[in-house]
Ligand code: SAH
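The chain below stands alone and is given as structure tokens, in the form predicted alone.
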């Protein structure tokens, strides 16, 4: 069993049922999440019989580290699961902090045509401990403290709802990593029934929400994101316009900008109409496409990127350009994994 698959209450129940004191859970969680210790023998305030019990029944890491690929603005980490699948994680160097982009699935079933993760489909969901271990190991290997965690790596987080929810609990609870809820973001392609569930979930509703729009019309979005055939853009936007938000929070609309596909002035104006009178509820992140050699899409010209941003700002919509980091290490989600495994399209 992997101990990071348990919440504090679950560990208390487990230990008490085995005849140990309930406060042992607090001690172990402090060692793991506050001190980054992944060896039971070095948890010196635990009695020997308890350490023996832990050693014989649990392990702390769920993933095996394979490779670390650094660049000037980010580092990509590759891990392997016990059943042989590759998981990738990206540590992003911001101006005054570090952000970790974690994966929630091996592969993805959403099928976005511009995404390397979708090339070979969905293999399986990541378990809670496999999500948490990405942060544990990256902090230990890199020696840095991660401030922000974004679920923007491989997979669709809301298609792995229960495991992601439990991981968010461990990330944000005082007994876990104790990250600010404002510094954890769930990024989704827009699974409408799961967004409704998330809106009233006492754990998931507390964190930030980002939704990949990527096109301002139903037709174009269907071409890029087949999920739009069953999760209509109009229905998605109606839900987001009514989504309950915490004070001073906004929903991020992610817009991957692709040359000749969704980068025209007409596209910008259509996005303005799509947002309508709800301009204070949203901000738009323009993400110039991070090309992958075997996919047909390309990054727009710089003037097209700037022009689209200008049109949105002129129409009262907060809009920021987020250039993809880690291009030299195939930084977009799924790219290094595909490169490592030799996945073909």
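Residue numbers count along the first chain shown, from 1. Just so it is clear, the structure is predicted and the values come from calculations on it, not from any experiment.
Keep in mind that the form predicted together with the named molecule is not shown, yet the notes after this line are about it.
The contact residue chosen from 98, 114, 243, 175 relative to the named molecule in the predicted bound form is 114, the criterion being a non-hydrogen atom within 4.5 angstroms. Note on contacts: among 194, 231, 89, 187, the single residue with a heavy atom within 4.5 Å of the named molecule in the predicted bound form is 187. Although the partner is absent from this view, residue 289 contacts the named molecule in the predicted bound form, with a non-hydrogen atom inside 4.5 angstroms. Among heavy atoms of residue 254, some come within 4.5 Å of the named molecule in the predicted bound form. Contact between residue 156 and the named molecule in the predicted bound form is found at the 4.5 Å heavy atom cutoff.
Using a 4.5 angstroms threshold between heavy atoms, residue 212 counts as touching the named molecule in the predicted bound form. Note that among 311-319, 31-39, 47-55, 280-288, the stretch whose heavy atoms approach the named molecule to within 4.5 Å in the predicted bound form is 280-288.
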